[in-house]
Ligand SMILES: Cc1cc2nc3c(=O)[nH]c(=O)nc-3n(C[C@H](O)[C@H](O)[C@H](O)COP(=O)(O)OP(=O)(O)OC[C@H]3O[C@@H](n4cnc5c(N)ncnc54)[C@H](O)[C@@H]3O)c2cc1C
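Listed next as structure tokens is one chain, alone, in the form predicted alone.
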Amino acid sequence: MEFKLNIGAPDTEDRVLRMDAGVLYDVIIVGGGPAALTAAVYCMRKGVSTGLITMDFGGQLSDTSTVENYMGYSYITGVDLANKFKEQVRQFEIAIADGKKAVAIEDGTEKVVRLDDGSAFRARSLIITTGKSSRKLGVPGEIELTGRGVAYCAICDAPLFAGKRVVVVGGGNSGIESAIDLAKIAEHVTVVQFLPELTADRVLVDAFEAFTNTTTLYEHEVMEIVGTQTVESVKIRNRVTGDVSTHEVQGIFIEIGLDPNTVSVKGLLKLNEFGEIEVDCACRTNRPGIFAAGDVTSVPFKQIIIAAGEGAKAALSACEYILRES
């Protein structure tokens, strides 16, 4: 298979290829966020045959309302930045399997990535950039009412709750960002914070506290989400007194953190106590030829710009490995 590079001025031509199970790729990248897409650009510019397997382009970036700390943009929406990443990748003749989930990874003479549709692809090296997913509360009613009032992405679902009463669980950056987005359109927003204070950045807390249609419940926790067809109320417990109160709401946004997407590599790659893939300073895992980058790894400070940088580093390390093993 011939892979051509577009090193000149950027354009909007789409040169994407379909992944071929009969090809042994130099590199397969698993994931679709900033780390994955940056790694893809670096691999293609190095001239190695590259495949990209992703459930969705953008990853968590697409769920971010605004980005104000990515160099080159004083302000850009997460969706717009994700689209710019995607457009840049699609200018190369990269092979892509879109809308596919990696369910198992095997390491032998060749690396094999098995997908949820039964297909499998082979590579000489892998870059795992599967990111993280929203953590669940694990309370009655959560699973049953997901998509019917239970939500994990304010930027995606906030418009559905205009003029309604909602609960936001979590007082960190993601929780308060969601509360701010919702307070602009909802009748009332109640923030449920497990700790005795909000842990979001001061600038976010100040912006949130400027709204008059909000309530914050400190040292509280959600015990149950109640509803038949949709969310009707939420039972909330005071962790100090033990009292349980019922709040009539039409929606609940759960923003209590993220869990790494490492199901496909459990038992294969070394994970830390948080379930993240352990990597060294060159994005190497404990398995030769398998690299990892972005929020799924042990690298601290989960930021877009850090994920992108780690993706570039992982790509260069993978290319170096291929050259050395040739």
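The numbering used is simple: start at 1 and walk along the sequence shown. In this text, rigid core is short for the largest set of C-alphas that superpose within 1.5 Å between two forms. Only a predicted model underlies this, so the values are computations on that prediction, with no experimental measurement involved.
There is also a form predicted in complex with the ligand; it is not shown, and the following applies to it.
Looking at Lys111, Lys132, His247, Arg90 here, can you tell me which has any non-hydrogen atom within 4.5 angstroms of the ligand in the predicted bound form?
Partner contact (heavy atom, 4.5 Å) among the options: Lys132.
Contact check in the predicted bound form: Asp26, Ile290 and Ala318 versus the ligand, with a cutoff of 4.5 Å between any heavy atoms. Do all three pass?
So, no: the whole triplet misses the ligand.
Based on heavy atom distances of 4.5 Å or less, which listed stretch (214-222, 227-235, 93-101, 194-202) is in contact with the ligand in the predicted bound form?
Among the listed stretches, the partner-contacting one is 93-101.
Should Ser298 be counted as a contact of the ligand in the predicted bound form, where contact means heavy atoms within 4.5 Å?
No, Ser298 stays farther than 4.5 Å from the ligand in the predicted bound form.
Is it the case that Gly33, even though its partner is missing from this view, gets within 4.5 Å of the ligand in the predicted bound form, heavy atoms only?
Looking in the predicted bound form, residue contacts with the ligand include Gly33, since a heavy atom lies within 4.5 Å.
Using heavy atoms and a 4.5 Å limit, would one call Thr285 a contact residue for the ligand in the predicted bound form?
Contact with the ligand, no.
Is there a non-hydrogen atom of Ile305 within 4.5 angstroms of a non-hydrogen atom of the ligand in the predicted bound form?
Answer yes; at least one heavy atom of Ile305 falls within 4.5 Å of the ligand in the predicted bound form.
Within 184-220, which residues have a heavy atom closer than or equal to 4.5 Å from the ligand in the predicted bound form?
Nothing in the stretch sits within 4.5 Å of the partner.
Quick one: core overlaid, is Gly131 moving 2 Å or more at the Cα between this form and the one not shown?
Where the cores coincide, Gly131 shows only a C-alpha shift between this form and the one not shown that is less than 2 Å.
Determine, after fitting the two forms on their core, whether Asn83 shows a C-alpha shift of 2 Å or more between this form and the one not shown.
No.
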